[in-house]
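We begin with a single chain expressed as structure tokens, specifically the form predicted alone.
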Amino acid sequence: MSELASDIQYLPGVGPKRAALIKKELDVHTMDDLIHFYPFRYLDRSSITPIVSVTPDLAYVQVQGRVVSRNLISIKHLSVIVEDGTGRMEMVFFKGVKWNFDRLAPGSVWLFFGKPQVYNDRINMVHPEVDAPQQDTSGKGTLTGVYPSTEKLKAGGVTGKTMCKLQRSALALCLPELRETLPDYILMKYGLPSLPWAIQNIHFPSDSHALAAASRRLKFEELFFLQLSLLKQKYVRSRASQGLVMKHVGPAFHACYNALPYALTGAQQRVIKEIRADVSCGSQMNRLLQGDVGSGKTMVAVLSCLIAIGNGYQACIMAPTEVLAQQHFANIQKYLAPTGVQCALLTGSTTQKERRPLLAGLADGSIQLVVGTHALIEEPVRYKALGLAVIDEQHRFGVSQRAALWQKGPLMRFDQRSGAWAPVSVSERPAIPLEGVQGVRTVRDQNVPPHILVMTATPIPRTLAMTFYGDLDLSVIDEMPPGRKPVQTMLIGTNKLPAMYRFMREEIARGRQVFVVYPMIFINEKMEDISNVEQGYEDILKAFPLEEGYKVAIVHGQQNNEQKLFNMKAFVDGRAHILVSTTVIEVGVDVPNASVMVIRSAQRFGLSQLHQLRGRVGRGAEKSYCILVKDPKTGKEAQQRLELMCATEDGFEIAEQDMKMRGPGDLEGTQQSGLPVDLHIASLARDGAMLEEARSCAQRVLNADPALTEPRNAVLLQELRKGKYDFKNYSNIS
């Protein structure tokens, strides 16, 4: 067995017991795992701070001092006083008490390295690292790596110093057999050092320049292979995936386009051209459409559906909630008025009586466009020829639901004479498979998946989009329709609630409506100071009593669908002045008459979520407002988030900042576990420019050698086959 593949228990200083601890706490099992377990920061051990200059606000300091006295306070508490000519300082030990007592004899001189703090008005260090003064530091690195750790590791004796020793031993064994993973032509083009040199200098850098070069090399490698894996998958799928060819636009498209009361923005026109190119090329389209709230994604979706209809196919638009599906349907009906296209709505609330003609119309093709929820993919639904599926807020649908949508694609038969695929009508479809049935000629029939357009109003930073959705083609609507008024955003404390209620009454008196959103449904014992819908509803009812003519509706996740729809509809129809809710209204509630969005305990929300909520207002002609109400216990980082919300309405800028503050994993509501692949050193939040560079490099490699069969790319194919860059793919529809 190679040294790289050997178990860490065989490394000197480890053993079975310590190995089990390291494996459990750090997920480090082999020597290869260990040398790829990098420091997360570095300490400069070259400088010595005079004791007189040490203050508790310093991160880590190193002092050199002579032991003045040592006091064994108890068997578990040792106090040592040192001086350096500028002052005196206490060193405190609660572990290794006897050993430190014996070696730290009065008069001896030592280097003490640690975090200064104040106790009883005196500066001290608790458990400093203690070393003999170095007489000659030539040839030795002055930067010391600090590795991620846990309390259990420290308790088990795996300290920072221990980890450095283990890394040094592992490198001595493994570096001779470490093989290069990038071809020479890539190393030369980007000025990258070799892998063994980079690994050595990421753990024990000779100086800051060596650390920077090693870090750049290892980050580039991670991001390059991440993108190479994604783009290769995209290439294979595009070659393998039969796509419906839609060469025409058709009269319905022109009728709708020419009847629009406004001109499309340049961004909308650009995206429609990209979609047209996709659906006409013969491969299945898989495109992600990003657009801020109110940027006009629905209009793009409708025109895309009309392209499919103009080529003899059907289209569907799938929304995550019934309320959103109903709103889409109402708006789309207006757009389709001049086209003659038959459109229907199918949700869980559609009655059996309504379903029968609707399902028949989808099966015979007389219904050309259907809007709905996941009901669109349930078993009874049959399409004559589904050519395009639009999925709104795609992250709210599971992979299995999207896979079911694929199976709804038309059954196509290859015509030998024309050399083209043509839909097989429902009446022609066999009750049993034709393949292998005795006396029946084999017919090349197959389900061809519809083209897929997934849409999101959640702005995703480009670096995340290239990673989480890297094998989808990306379209961005980065331009707002003219005339949309900005939403005025303000931040207040709970002491301003009476003034806010007066403002809400003024807006309601003008005929406007108000959202009031809370982060929680009920009181949480651990978060008693956090606002919740249950209490908030009672407070609003007191401030806006029914006897004064105010009507208040409430919506939250623990209501059944019927309750939610009833209360939401009361607000949408204008029968309720105020809607009190949790974030269930984050996506898709379109109430142009609502002019105020109040967000209670706003510090509990992330930036992207706050931006989504703010997007629920400002949809009408009136001036709109978003009021962020922070609680007294609001931290510094949360305050920064709220201030940024007041400073900009740019969703993409907000998303970038959100990722930097909260980490890229928040796309799944977690931190690192949200990432599709483990990144040991690169950061999607900080290394965006390098990610672009790595993706461009990967694209050029695949353009020249799609299968990576050229001898110079053998190392790339070998590295991909290790499976380190296989990950859960957020864009995966099948």
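Keep in mind that what you see is a predicted model, and the values were worked out from it rather than measured. Residue numbers here begin at 1 and follow the sequence given.
There is another form of this protein, the form predicted together with ligand ADP, and it is not shown here; the text below is about that form.
Contact with ligand ADP in the predicted complex, defined as any heavy atom within 4.5 Å, is confined among 383 to 391, 265 to 273, 647 to 655, 489 to 497 to 265 to 273. Site annotation in the predicted complex: the residue of G606, P193, G250, G294 reaching within 4.5 Å of ligand ADP with a heavy atom is G294. Taking D131, D84, D631, D590 one by one, only a single residue has any non-hydrogen atom within 4.5 Å of ligand ADP in the predicted complex, and it is D590. For the chain shown alone, W110 is not a contact residue for ligand ADP in the predicted complex, no non-hydrogen atom being within 4.5 angstroms. The shortest heavy atom separation between G312 and ligand ADP in the predicted complex exceeds 4.5 Å.
Though the partner is left out of this view, P482 does reach within 4.5 Å of ligand ADP in the predicted complex, counting heavy atoms only. Remark: R619 counts among the residues lining ligand ADP in the predicted complex, judged by a heavy atom distance of 4.5 Å or less.
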